[in-house]
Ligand code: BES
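Take a look at this single chain, the form predicted on its own, given in structure tokens.
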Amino acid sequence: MTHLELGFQEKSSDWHADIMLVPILEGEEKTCIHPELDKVCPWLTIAPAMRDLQAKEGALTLVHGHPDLPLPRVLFLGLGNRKDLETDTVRTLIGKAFDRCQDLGLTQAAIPLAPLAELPIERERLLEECLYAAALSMYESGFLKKKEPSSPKTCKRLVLCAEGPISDGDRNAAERGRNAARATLLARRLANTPANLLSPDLFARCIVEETKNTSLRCTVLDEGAIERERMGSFLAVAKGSANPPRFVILEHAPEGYAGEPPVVYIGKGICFDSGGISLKPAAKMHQMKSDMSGACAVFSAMLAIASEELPAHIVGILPLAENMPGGRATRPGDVVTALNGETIEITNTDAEGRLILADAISYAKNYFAPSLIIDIATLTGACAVALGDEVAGLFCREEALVKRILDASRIAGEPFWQLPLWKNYAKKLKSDIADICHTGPREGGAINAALFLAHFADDTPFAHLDIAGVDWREKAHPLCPRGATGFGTRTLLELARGGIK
């Protein structure tokens, strides 16, 4: 992956870059020239393009000076009205600005800190978002192409400019933004990797390699170990594939926190989902390489948590498998025994995600006695139908936990909407021949799936994040090209940063 370099310039006499990015608010265009900016770009006040300067939301105004100047260009970023400004606007506009820099073939952009301080959002928050957005804009989806892209990313460095020392708070905020972006980009790249190049075993090997030089404790259970653990629900999904499953446990337990009951993140890791015997339609089946987006989010968030040495005991669990219609595949109507000893009637093999998550939840309860469990999964098309392609579903009965997740998601720019864990629907999961049926009626499908998972969490505080619909973009966005999005990664990181318990 291409990473964004970060620099600092603490004297206006030293400011230099190919372009300066300056945010402005509507109605305040004429006051946007700050003393420091006026000192290094005196030509701005007489530049003809300034007559056309607009700050309506999304507007970009490029002003040219002499090419030999230390700052030969200024790009004004229109943020709209002061009272309506949100961090989402800043993120998107920084992404658009970096796209413009790439189009111009520039190599280094700069942002002055003084204008940020005058915006109605706390400056460190804005700095984090600027670095996050700029780094996300670096992503290129064609990483498997033999030829270099026709328009390669050239602008790989962002400089923060100040007149005087840059505070530790500003520096730390910038690093937080870059770290969050690295995690999201890793999740995005993994989920975009074709299934033939990232089978359960290859994904597990990747995790082992990536965690070697970190504080994370990594354990990988192979198929034999999974069988000895009696994870019959998980194995029911995996048995149809020629590629054996893996079960990965990542533990972040810094000194002084290892004895605390952990928070457990569980990510659905279906490396490819054909639907099994209940075969999916051919249209868009190629996108099912990203059905492991939940596992990608958990793994990437855990790496970021470890790199920031966050003071919390957090465990990540990734059940990895392929759902294929092989000769050993589970059939609709089969009954299997889950890790908790209960029998499950399987009526639709394309509802596989909840089966692997059920055993992962039981494993977490058995081995870690967690303070809470949060799973993240591309679980149901029903959730995508209900909420569309920009909002994910949140299922949780713990109101304090709901608030924490929604607050973290707002910081992350990854919106969730709470849907009900409606207890009366639980009876729709009753089976005539087993302890529970893993599917209910089509109506309320996302709720039925969440209730199935909540059944295995039992009395442990539990939240289910259904990211079906938001894990993949059909149309490019300034912060994400077409393909996997890495959605949920930063929300998990922000939860850990907030000291969730």
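Heads up: residue numbers just count along the shown sequence, starting at 1. Fair warning: this is a prediction, and the values are worked out from it, not measured in the lab.
In what follows, reference is made to the form predicted in complex with this ligand, a form of this protein that is not presented.
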Look at the stretches 284-292, 404-412, 127-135, 101-109 and give the one with heavy atoms within 4.5 Å of this ligand in the model of the complex.
284-292
Decide whether Ile346 counts as a contact residue for this ligand in the model of the complex under a heavy atom distance cut-off of 4.5 Å.
no
Heavy atom to heavy atom, is Thr380 within 4.5 Å of this ligand in the model of the complex?
yes
My question is simply whether Gly444 lines the interface with this ligand in the model of the complex - judged by any non-hydrogen atom within 4.5 Å.
no
Using 4.5 Å between non-hydrogen atoms, is Arg354 touching this ligand in the model of the complex?
yes
Residue among Arg157, Arg331, Arg217, Lys280 with a heavy atom within 4.5 Å of this ligand in the model of the complex:
Lys280
Note: exactly one of Asp201, Asp84, Asp88, Asp350 sits with a heavy atom within 4.5 Å of this ligand in the model of the complex, namely Asp350
Sequence-ordered list of residues in 446-468 near this ligand in the model of the complex, where near means a heavy atom within 4.5 Å:
Ala468
